[in-house]
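Shown here is one chain on its own, the form predicted on its own, set out as structure tokens.
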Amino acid sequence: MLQRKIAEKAARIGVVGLGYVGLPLALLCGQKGFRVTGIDSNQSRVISLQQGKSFITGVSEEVLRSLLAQGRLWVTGNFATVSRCDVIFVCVPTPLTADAKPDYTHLFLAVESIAAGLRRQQIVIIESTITPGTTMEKILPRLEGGGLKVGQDFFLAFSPERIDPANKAYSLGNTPKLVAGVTPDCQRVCQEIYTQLGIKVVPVSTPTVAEMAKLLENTYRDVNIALVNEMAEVCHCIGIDIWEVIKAAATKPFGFHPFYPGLGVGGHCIPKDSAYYIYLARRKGRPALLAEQARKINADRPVKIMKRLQTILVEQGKALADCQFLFLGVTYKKDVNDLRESPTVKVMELLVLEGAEVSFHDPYIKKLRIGNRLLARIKLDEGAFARYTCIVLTVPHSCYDVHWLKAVCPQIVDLTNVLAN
């Protein structure tokens, strides 16, 4: 019955968590003809979205306002409204604790809110990243606690998010989706909803397999980024250009995929997912030594960058404590407004601890807290550069005019390689 309701676009959709994963999903559901309730515990975010203001780069305010005006999207902080929904996507954050363990506070609160009003013929789809076994061992018992049985009374599936902010080639709509239902009926219903959203479905045998696949996707990236970051240090020692080395290796048409060095690894996925895998392996008595070393290399990268900048200045007869730094780009990656785990911010914090002064420009960030200081974005013009000892290009946002930067600031330290092109 639910599957038919979904196929006829008569099912009501609930999206719990309207962050970088949930908001694009809610808008896609609305665009495909479903009625959507978006639920979030962040009251300021709820108010902003109700006013048609998007806080995510690349999420169209025009689409948001259109869906609100049509009555296809409702945004609320009231979790009780989830009981009215037929399909419930859970897209809440699952960060790390201070000691690098999974923090399921938001997830379990969301699941318990759903469980309190769970009714027959609802499907709950978990998109939040979790360690393998969590769907079956932690989420399912909470949902069955009221007496309803999975596959018989309600449905449960896991389908990990695959969002890559600012990726113009692959968006939510054209990226294949792993789908793993707890039972065959759960699988069928879950596949139907993603099919109706126009997303290619890749069936997976169990939620635990899908959970591990998500960790593999991003641990793979963490390990390979660590390799090139490590090799960048070796290349620097022997006087060759790591970027030329990668370009040369990438001419091989098989068995090689290029990754590039940077200040570290940031964002909502790679550092967390790799740490989840490390935590799981340790807990099972099978330490993931390669992943652990990769995580350490990437986590230590901001320190190495800070020391590299220090070396450049020492060669000029200057000390860090006497220097004023200007960083161009502070988000975790190009063309996004997301600061989570930004390695540039970590480099700036390290420099402040050494007594240096730091400033920044980023088209997506107006203010930035470094230590106990709140910094405002500077105005970027030719005269601005004269006030700084060292200008560092850290995030190559598309709006930066490479030729202008080369002309007005020939001594810029380019950590992105865009000025070399």
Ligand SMILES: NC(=O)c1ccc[n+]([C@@H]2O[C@H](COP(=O)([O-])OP(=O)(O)OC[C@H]3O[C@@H](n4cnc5c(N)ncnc54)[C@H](O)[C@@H]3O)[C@@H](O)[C@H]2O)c1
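Position 1 is the first residue in the sequence shown; the rest follow in order. Here the structure is a predicted model, which is why all the values come from computation and not from measurement.
What follows is about the form predicted together with this ligand, which we do not show.
*Asks:* Given a 4.5 Å cut-off on heavy atoms, tell me which of 39 to 47, 368 to 376, 355 to 363, 384 to 392 is the interface stretch with this ligand in the model of the complex.
*Replies:* Residues of 39 to 47 come within 4.5 Å of the partner.
*Asks:* Taking 4.5 angstroms as the cut-off for heavy atoms, does Lys272 touch this ligand in the model of the complex?
*Replies:* Yes, Lys272 lies within 4.5 Å of this ligand in the model of the complex.
*Asks:* Does at least one non-hydrogen atom of Lys214 fall within 4.5 angstroms of this ligand in the model of the complex?
*Replies:* Lys214: contacts this ligand in the model of the complex.
*Asks:* Check Phe79 for me: does it contact this ligand in the model of the complex (non-hydrogen atoms, 4.5 angstroms)?
*Replies:* Yes, Phe79 is a contact residue.
*Asks:* If you check in the model of the complex, is Ile139 within 4.5 Å of this ligand, heavy atoms only?
*Replies:* No - in the model of the complex, heavy atoms of Ile139 and this ligand never come within 4.5 Å of each other.
*Asks:* So this ligand isn't shown here. In the model of the complex, which residue out of Leu197, Cys323, Ile225, Ala110 has a non-hydrogen atom within 4.5 Å of it?
*Replies:* The residue from Leu197, Cys323, Ile225, Ala110 that makes the contact is Ala110.
*Asks:* Which of these residues, Leu178, Ile305, Val92, Ile297, gets a heavy atom within 4.5 Å of this ligand in the model of the complex?
*Replies:* So the residue touching this ligand in the model of the complex, by this definition, is Val92.
*Asks:* If you look in the model of the complex, which residues in 7 to 42 sit within 4.5 Å of this ligand (heavy atoms)?
*Replies:* Heavy-atom contacts within 4.5 Å come from Val16, Gly17, Leu18, Gly19, Tyr20, Val21, Gly22, Ile39, Asp40, Ser41, Asn42.
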